[in-house]
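The same protein chain appears twice below, in two forms, each given on its own as structure tokens and labelled structure 1 and structure 2.
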Structure 1
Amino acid sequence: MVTAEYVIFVTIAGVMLGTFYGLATIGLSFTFGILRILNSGHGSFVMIGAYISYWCFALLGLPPLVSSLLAFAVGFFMGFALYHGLISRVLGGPELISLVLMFAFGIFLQEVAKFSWSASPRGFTWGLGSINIFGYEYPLTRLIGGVVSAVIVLVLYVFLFRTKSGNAIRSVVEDPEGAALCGVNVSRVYALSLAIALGLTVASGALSTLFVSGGIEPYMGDPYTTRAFAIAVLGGLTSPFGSFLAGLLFGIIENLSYMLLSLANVGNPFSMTRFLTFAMILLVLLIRPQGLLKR
């Protein structure tokens, strides 16, 4: 039987999951908002983060909290390399090219992961015990994951609105030509933005292991791509903080729909939730392509 307490518990769990989803999506809309490039290989960067977290834990005993910093650094570096090596060459060209390029890069990461670490799923548990919410056990690690995600997003906010580089980035979003005229080095801003975006995404991958302790495998990123697209579309695609809010909402919806699907007993709730994610993308794009949360 579903009690009010259970619904509240599921909702709180959804909020935690949602802040994490927000973090896992923010990089996607950051890249699209600034470089006008859709990272069609988004999920693979989440996957890389999860592996970083796994190896740090397995080899060095470092908890995901610490490895998420390392993951950020790795993503940040990848962003710079990717920008200077590939992206800068296709910027301003047909959209198809950048879409295919990022898609191919995502596949490349998956295949490298498979080649290096095999396709079999791995996992680890960072056991910290759990807290009690209305009589239901909730793992402490997830609580940490949610809170840390929120803190990272807060840091991003401060960076964007309180620092010089942050201002430069925002001015490029407003008006790239105008910013260039005012002496902003647009190319540098692009590189930095991609670096930050991928840093955040890879870091979110490290934190993903707090929510799903097993199932770290090369193709684990694909559902994150679909999910991040759904979330970004909800939030309006070009707005990072819109995405964060949408992620929060999405976490709650996903948890509640999982609960309802399990109750209604229409097929496998796990697969059905994923199917509904796709259906939701179409629905949002049908009703409000500019995003539900915008204006």
Structure 2
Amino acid sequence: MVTAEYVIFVTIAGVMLGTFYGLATIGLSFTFGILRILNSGHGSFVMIGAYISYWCFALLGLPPLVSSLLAFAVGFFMGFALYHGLISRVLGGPELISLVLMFAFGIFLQEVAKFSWSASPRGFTWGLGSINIFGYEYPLTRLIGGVVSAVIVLVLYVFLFRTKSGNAIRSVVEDPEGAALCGVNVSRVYALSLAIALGLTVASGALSTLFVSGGIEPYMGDPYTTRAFAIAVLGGLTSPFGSFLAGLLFGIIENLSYMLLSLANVGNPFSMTRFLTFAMILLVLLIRPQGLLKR
């Protein structure tokens, strides 16, 4: 028998998972909304973050919350290097070029990871106990991961709307030529935007180990790419905060669907959960094709 307390517990767990999904997707929307670059290698950057979290824990004993700061720094540097090395050369061209370029770069990262660390799955467990929610135990690390993800998104909001650099980014989104006439260095803004986007993506990979402690391998990012594109389209492909809201919705629907399918004794409920989640997204897009938020 399903009680109201259990439904609330599953919903709260879905919100925590959804905040991570939202954070992991924001970088994708950020890149497309500002640079018009489709990062089809998105999941490979999540994979890099998961490996950073693993090695920091295995070699230095650092928990994922600390290694996520290092992961953001690595992603930030990768964003600057990638912009000046590759992206600046195709910026303004057909979006298909950037799609293929980022897909190829994602494969490059996967193969480098395979060469460096082998294809064997790795994992680790960092536990802080659990918290009782309506009589059900929920891992405290996941709760912290969800809260930290939400705080990072809040910091991003403050940065975009309360700082000079954030105003410069939004002005470039509105009108690059007009922003340049007003003294904004558009190329620098593009580089900073890509650095922030990849920094957030790699940091989300480090935080992913709080939700899934195993299965860290070079090709683990492919499901994240598929999920991120679906969430980004649902939220509004050019809206980072729409992606965050869509991530919350995705996490809630995923958890509730899994609960209902498990109670109904459906075979392989996890696969069916993914099907139902994407079906719900299609229904939402039929009602609101532009996504949850337009910008």
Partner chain sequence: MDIRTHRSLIILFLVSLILLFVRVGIPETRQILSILFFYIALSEVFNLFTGLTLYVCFGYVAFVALGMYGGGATIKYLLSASSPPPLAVVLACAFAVAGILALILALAVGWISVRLKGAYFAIATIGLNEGLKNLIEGTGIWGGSSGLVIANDLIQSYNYDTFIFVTSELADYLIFTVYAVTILCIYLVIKSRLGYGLAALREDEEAANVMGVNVVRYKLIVFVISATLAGMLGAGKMIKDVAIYPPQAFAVSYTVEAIVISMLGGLGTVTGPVIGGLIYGVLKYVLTVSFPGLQLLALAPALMAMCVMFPYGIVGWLRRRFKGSKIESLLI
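Here the rigid core means the biggest group of C-alpha atoms that line up within 1.5 Å when the two forms are laid on top of each other. Counting starts at 1 with the first residue of structure 1 and goes up one by one along its sequence. Remember, it's a predicted structure, so these values are computed and weren't measured experimentally.
Asker: Just checking, which of these two is the form predicted together with the partner chain?
Answerer: The form predicted together with the partner chain is shown as structure 1.
Asker: For A13, does the CA position differ by 2 Å or more between structure 1 and structure 2 when the superposition is done on the rigid core?
Answerer: No.
Asker: I need the CA movement of T273 between structure 1 and structure 2 once the rigid core is aligned, reported in Å.
Answerer: Displacement of the C-alpha, rigid core superposed: 3.7 Å.
Asker: Quick one: CA shift at L282 between structure 1 and structure 2, core fit, Å?
Answerer: C-alpha shift for L282: 6.1 Å.
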